[in-house]
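Just the one chain here, laid out as C-alpha cells, in the form predicted alone.
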Amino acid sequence: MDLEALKKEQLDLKKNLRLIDRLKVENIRYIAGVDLTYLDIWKNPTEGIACAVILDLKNCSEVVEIKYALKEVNFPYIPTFLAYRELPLVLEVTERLKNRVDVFMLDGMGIIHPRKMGIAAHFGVVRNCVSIGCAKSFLIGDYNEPKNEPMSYEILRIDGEKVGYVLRSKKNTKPIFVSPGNNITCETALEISMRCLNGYKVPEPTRLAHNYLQVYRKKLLAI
C-alpha cells in the first residue's frame, strides 16, 4: 500500500473541487443520507454494508427511497484515507437510487481534511454531485467550542482558512462537524444540515441511514 501515491491522488482530485453553490437553497428538496457498517469490523477483508436513504427536505420524516449494497472491503481503516475503504460501497449504493437526489449527505468529512479530500469531498468530485460531510468526530482544524445551546455553531479553520463549521445540534451533546463536499459552500452546507435536524444529534438523512443499517445488519447475521 503506497500511501504517498494515494496522497498525490487526493491532491490531484482536490483540483476539481468546486466550493460554490450549484443549487440555490430554495431549489434543494431531496437529500440522500449515506452510511456504512460492517458485518465483522475486526476481519480484513470484511463484508461492508451501505445504506442510502432519500428524504424530502419539506418533511424530513418522509422517506422517499431506501437502498442497500453489500461488498467485500479489504482496505484497512487509516485516518485521512477513509474514501479508499468505503467509497466503492458508497458509489454502488447511490447508483442504485432511482429517485432524484439534489444533495448527498455522508457520515464523514468533506473538506475538513489535511488535503480537503474527506470521503464526502472525494465522493462529490468522483460523481460530480452536490455533497456534504457531517462527521461526529474531530479530525483536524482549529475552532472555538460552540455554546451549549441547540443550533449554536463556530467556524472551523485549517491554517486560517474556513473549511466548515462545528455545530451543537442538541444541548449537552458533543458537536458535529459540517463541511462542504463538492459543489456547495460552507454556509449552504451548514444551512441544509441544520434544516435536516429533527431533534437528534445528527441530521435525519444520515441518522436514518445508520438506523436502517443496524436493522439490516442484524437480519444478515441471523441468516
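The numbering used is simple: start at 1 and walk along the sequence shown. Remember, predicted model here, so these are calculated numbers, not experimental data.
Beyond the structure shown, there is the form predicted together with the DNA, which is absent from this document and is the topic of what follows.
This chain is displayed without the DNA, yet in the model of the complex the stretch 82 to 90 from 124 to 132, 97 to 105, 149 to 157, 82 to 90 comes within 4.5 Å of it by heavy atoms. In the model of the complex, the DNA sits within 4.5 Å of a heavy atom belonging to Lys136. Proximity of Tyr77 to the DNA in the model of the complex: non-hydrogen atoms within 4.5 Å are present. In the model of the complex, the DNA stays beyond 4.5 Å of every heavy atom belonging to Asn16. Contact between Asn172 and the DNA in the model of the complex is found at the 4.5 Å heavy atom cutoff. Although the DNA is omitted here, in the model of the complex none of Val64, Glu204 and Arg207 has a heavy atom within 4.5 Å of it. Applying a 4.5 Å heavy atom cutoff to the DNA in the model of the complex picks out Asp107, Gly108, Met109, His113, Gly118 from 94 to 118, in order along the sequence.
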